[in-house]
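Heads up, the chain below is alone and in the form predicted on its own; it's given as structure tokens.
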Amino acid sequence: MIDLHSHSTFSDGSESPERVVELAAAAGCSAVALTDHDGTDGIARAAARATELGVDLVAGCEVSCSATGTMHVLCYFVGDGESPLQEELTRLRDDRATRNLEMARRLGELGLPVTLDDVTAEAGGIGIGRPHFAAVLVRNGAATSVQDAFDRYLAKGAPGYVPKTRVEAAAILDLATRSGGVAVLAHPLSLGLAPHELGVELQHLADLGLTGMECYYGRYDPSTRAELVSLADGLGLVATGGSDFHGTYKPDLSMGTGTGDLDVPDRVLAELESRRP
């Protein structure tokens, strides 16, 4: 079993990179990918702990791309050294900082008990994201749960929502390839496409250099996973998977097993590695 989708305190997860690896090892994973949003700063710490525990660590990140729905691309085998992808990640992190300032301003104008200092403290001063805003709102009594905070204030269309810069998928696929990595479409159903439309979009992305699709996703039921695997196989894409672990910010998702029955085959990692440029 492996888990190729997880987040740490270096983006919007509640656990340190070391703890993410420890939880993966405890779940029985032979390999784990740390895929924080827009950055790889937690990779070195995760890799050191993975070596101690005898777990393979895959260096990755997750990037939001322009699309009708929500398109996230997971980039694998991309370390923290200089590369074309790292240059783009730096730009995206700078944009995220500007977005956080604006989000704090909007929430303050709504009279809600949250400041950027509060959110920075919640995040441990590392990677700040909407889950940290949500946690502060919950702690200060303005929401009953992280999900409630998102629904009322932070989700797309809500009064505190601020869109972030999204890059074209073609650009990310190219940058990942030129950086020695591979790119995989994360949680494909979040695109909101009908089955035929999803197939057309995947073919388009495959033509642009997409390597795989996250079919074994933490929140998908077995029948959905099987349908996605069949679709990926038909398009020559690697059927990958992961829990999308965020710790307490997504409490229903556990490392390795997702909602309880996830089991991503070990062979997936070898298939991805064979596709590297």
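So that there is no doubt, residue numbering starts at 1 and follows the sequence shown. Because the structure is predicted, anything quoted here is derived from the model rather than measured.
One more form of this protein exists, namely the form predicted together with a small molecule; it is left out here, but the text below deals with it.
A heavy atom within 4.5 Å of the small molecule in the predicted bound form is found for one listed residue only; from T120, Q147, T165, S190, this is Q147. With the small molecule omitted here, the record of contacts in the predicted bound form names 94 to 102 of 176 to 184, 94 to 102, 108 to 116, 195 to 203, defined by a heavy atom within 4.5 Å.
Taking non-hydrogen atoms only, P131 approaches the small molecule to within 4.5 angstroms in the predicted bound form. None of the heavy atoms of E15 is located within 4.5 Å of the small molecule in the predicted bound form. By the criterion of a heavy atom within 4.5 Å, R45 is excluded from the residues contacting the small molecule in the predicted bound form.
Contact check for K250: a non-hydrogen atom falls within 4.5 Å of the small molecule in the predicted bound form.
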